[in-house]
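Form predicted on its own, single chain, as structure tokens, below.
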């Protein structure tokens, strides 16, 4: 379980997070929906301990990660697989090495690394791409390599930062299908930051709407059409769902 308790964060002159509280139960996929600049990615970085709040708590499996020492924080970070918005692949590395990197850094033996890399590439339908470089991949393939790298350490939690950003609707929907498959197959807890309401409705169990540093609604996705908040109504209208 991940519990976020009244976290606040100021970056420069702007208070980006203004008292966020959120509980993500085991096995759930929660989508954090919001426009650009609303603090979604900042919130995600707090969950994994890449940023520290000015106040408040982030509790992962009963441990307040805002208060632990560096060694313990690194241990807790191993519970997370992080899928970056831009995939964050190394251009000079092959697909195999990009995916294997977390295991190489952790000191695994080459046989175990090779087995696990092939396993996760199979999960994202990228068998046979081990020797390709990022420049040889489509945008959708790069996203899937990023997902494979997040999976290779067998994390308990998966965090996705705008997984469909920059993709055309057809490829974006394939990524949604991939996330949904992993959700149903692996049964892992996931947090997805997105501005794509259709994506959120497809892959999540619950949706939190974040606007101006505040979560203004947090509901099961089936309840979304009953939400009267004007920003949610705008999302519904822009997505052709109202």
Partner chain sequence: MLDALINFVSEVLELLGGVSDLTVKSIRSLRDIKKIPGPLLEQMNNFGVNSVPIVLFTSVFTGMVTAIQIAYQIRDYAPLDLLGAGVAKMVMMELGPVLTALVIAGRMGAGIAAELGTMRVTEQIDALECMAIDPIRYLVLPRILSGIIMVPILTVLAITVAITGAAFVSNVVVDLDYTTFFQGIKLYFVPKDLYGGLIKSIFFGLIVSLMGSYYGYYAKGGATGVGKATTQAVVSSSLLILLMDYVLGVFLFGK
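Given the structure is predicted, the values throughout are model-derived calculations rather than measurements. Residue numbers count along the first chain shown, from 1.
What comes next is about the form predicted in complex with the partner chain, which does not appear here.
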(message) Would you classify residue 89 as touching the partner chain in the predicted complex, given a 4.5 Å non-hydrogen atom cut-off?
(response) yes
(message) Would you classify residue 48 as touching the partner chain in the predicted complex, given a 4.5 Å non-hydrogen atom cut-off?
(response) yes
(request) Spell out, yes or no, whether the shortest heavy atom distance between residue 93 and the partner chain in the predicted complex is within 4.5 Å. (result) yes
(message) How about residue 101 - does it come within 4.5 Å of the partner chain in the predicted complex, if we only consider non-hydrogen atoms?
(response) yes
(request) Identify, from the list 131, 105, 136, 111, the residue with a heavy atom within 4.5 Å of the partner chain in the predicted complex. (result) 105
(request) Specify the contacting stretch among 77-85, 111-119, 168-176, 136-144, defined as having any heavy atom within 4.5 Å of the partner chain in the predicted complex. (result) 77-85
(request) Scan 139-153 and note down the residues that get a heavy atom within 4.5 Å of the partner chain in the predicted complex; none is a fine answer too. (result) 149
